[in-house]
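The chain below stands alone and is given as structure tokens, in the form predicted on its own.
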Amino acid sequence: MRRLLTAAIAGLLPATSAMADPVMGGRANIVVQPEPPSLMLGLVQNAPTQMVAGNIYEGLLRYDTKLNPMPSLAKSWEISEDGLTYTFHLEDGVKWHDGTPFSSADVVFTADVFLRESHPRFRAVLAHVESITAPDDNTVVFKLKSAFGPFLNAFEVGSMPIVPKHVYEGTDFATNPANNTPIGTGPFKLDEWSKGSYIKLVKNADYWDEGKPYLDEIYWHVIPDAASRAVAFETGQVDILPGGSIENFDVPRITALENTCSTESGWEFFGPQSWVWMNNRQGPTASKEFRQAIMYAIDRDFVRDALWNGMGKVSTGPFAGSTRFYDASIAPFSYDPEKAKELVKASGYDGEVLEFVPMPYGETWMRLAEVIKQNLSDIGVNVDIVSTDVAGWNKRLSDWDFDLSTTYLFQYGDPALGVARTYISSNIAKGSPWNNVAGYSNPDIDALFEKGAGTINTDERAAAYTEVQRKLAEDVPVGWLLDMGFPTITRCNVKDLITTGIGVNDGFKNAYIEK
């Protein structure tokens, strides 16, 4: 017997602006930076590529800002009682941009062939899949090897962009000429790409979601310099600044302009969280008391207010507030230098100098390093900031050659998809800056993360992850700073631009420009 989990679709659709009638036509002028290296989302998953190509390609599902699944190419879905079989029913009448009909064969090819080879993050999800079959043209069945709780959260366009089988089957995916002229099922098609200047997308007149999109075209302006991007908005050259387009210190000035709106929504799925890496293997940071002292020593309210202009929230632990199973009852670390001093003394710290290798991602991050150094100096901890470029920073972290560092990572909506990787001992691997770089190892944590991922019972998952958060908050393997806020800034007549948990990365099918 199957348990029908298909959502009450109408109830999950994003709310529109007071149900106003969308306006047809017009162009959205928007910044993209840096320029994407490619728009073939199945091969390249960096942020600029996804931001543009999220209009060209589609996933089986979308997710609202509460991370509830919504229909996309799959109009409904079912999960078997044992949590091992996921059946997706596809939309009717969908066509690729070249006019070829879309079918379940495209989904099977994408997941079982193309993405298994090309997509490192989705390939990890597919490791739980035993088979993918298509009983008819509009149905796809995923059968899992064992229950995997977050499976239904892995089908957004960035994780699983559906690619055309008739274009890629039997070819070298990396050199296929279609990579330069991407063919998707999405609401917009690539019209022109002038390298170094702009990317122009035009409306897909045969789009399956009748009546959409409302815009005629999207014009992505490639503007390398942050100050110039701010000027482009001020002068009316662009109407939309995606999160991170301008320097933090420019945000208050730009958002104060007339007819300017901003929102921090649209990042809920990613849950970007910044923290201080602490090398758990050696030196003072191998001590739990010392790591706890660092948490009490850093004035994170000041960091948020002075460096990030009040954007984001002070993190309370290892789960960002938008991530599933976040437990708000976990007591956060307060700014308490006196308590930090007591813990430093208890740790046996003897005054040695710690090497702090900050993330070299711009001026704000360097200011952050200076603040942290000052906070630690205030409690008697000596820190030497070691500046480097991105390649050098990657190498220092990959080689575990640091005492302290800074970073921010995405959590992808579910602890099994974006949180566990940082704390489980099986993900300690020299040579990568994106795994358990801190070297934290705790068999209890390993078991709890495995328990949370290995069931679809929500109560059991919540219990496991609550225990994870409590134990990690005690051990402090890394120093959590902020659940980061990235404001998207627009003219106020740009409507319904952000309607899901991945914001502007999800395509502009609902967006319109009010006259």
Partner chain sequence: MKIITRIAGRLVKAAIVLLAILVLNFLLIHSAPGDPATVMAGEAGATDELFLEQLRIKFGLDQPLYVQLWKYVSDVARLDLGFSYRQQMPVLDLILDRLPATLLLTGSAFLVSLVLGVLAGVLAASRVGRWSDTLISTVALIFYATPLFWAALMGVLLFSVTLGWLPPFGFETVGAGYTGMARAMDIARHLVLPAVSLGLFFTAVYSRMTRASMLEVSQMDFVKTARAKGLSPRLIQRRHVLRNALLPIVTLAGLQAGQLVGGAVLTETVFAWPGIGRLMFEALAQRDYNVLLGVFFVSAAMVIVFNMITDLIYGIVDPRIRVQ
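If you're wondering where the values come from, they're calculated on a predicted model, not measured in any experiment. Residue numbers count along the first chain shown, from 1.
Only in words, not in the display: the form predicted in complex with the partner chain, which the text now covers.
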### Query
Among the candidate residues 234, 370, 444, 363, which is the single one with a non-hydrogen atom no more than 4.5 Å from the partner chain in the predicted bound form?
234
### Task
Name the residue from 339, 395, 75, 128 that puts a heavy atom within 4.5 Å of the partner chain in the predicted bound form.
395
### Message
Does the partner chain, in the predicted bound form, lie within 4.5 angstroms of each residue among 283, 300 and 379, using heavy atoms as the measure?
### Response
no
### Task
Quick one: find which of 292-300, 88-96, 234-242, 207-215 has residues within 4.5 Å of the partner chain in the predicted bound form by heavy atom distance.
234-242
### Message
I'd like to know whether residue 223 contacts the partner chain in the predicted bound form, with contact meaning heavy atoms within 4.5 angstroms.
### Response
yes
#### Entry: is_contact(residue 118, the partner chain) in the predicted bound form, heavy atom dist at most 4.5 Å
yes
### Message
Is it the case that residue 198, even though its partner is missing from this view, gets within 4.5 Å of the partner chain in the predicted bound form, heavy atoms only?
### Response
yes
### Query
Is residue 180 a contact residue for the partner chain in the predicted bound form, using a 4.5 Å heavy atom cut-off?
yes
### Query
Does any residue in 200-219 get within 4.5 Å of the partner chain in the predicted bound form, counting heavy atoms only, and if so which ones?
219
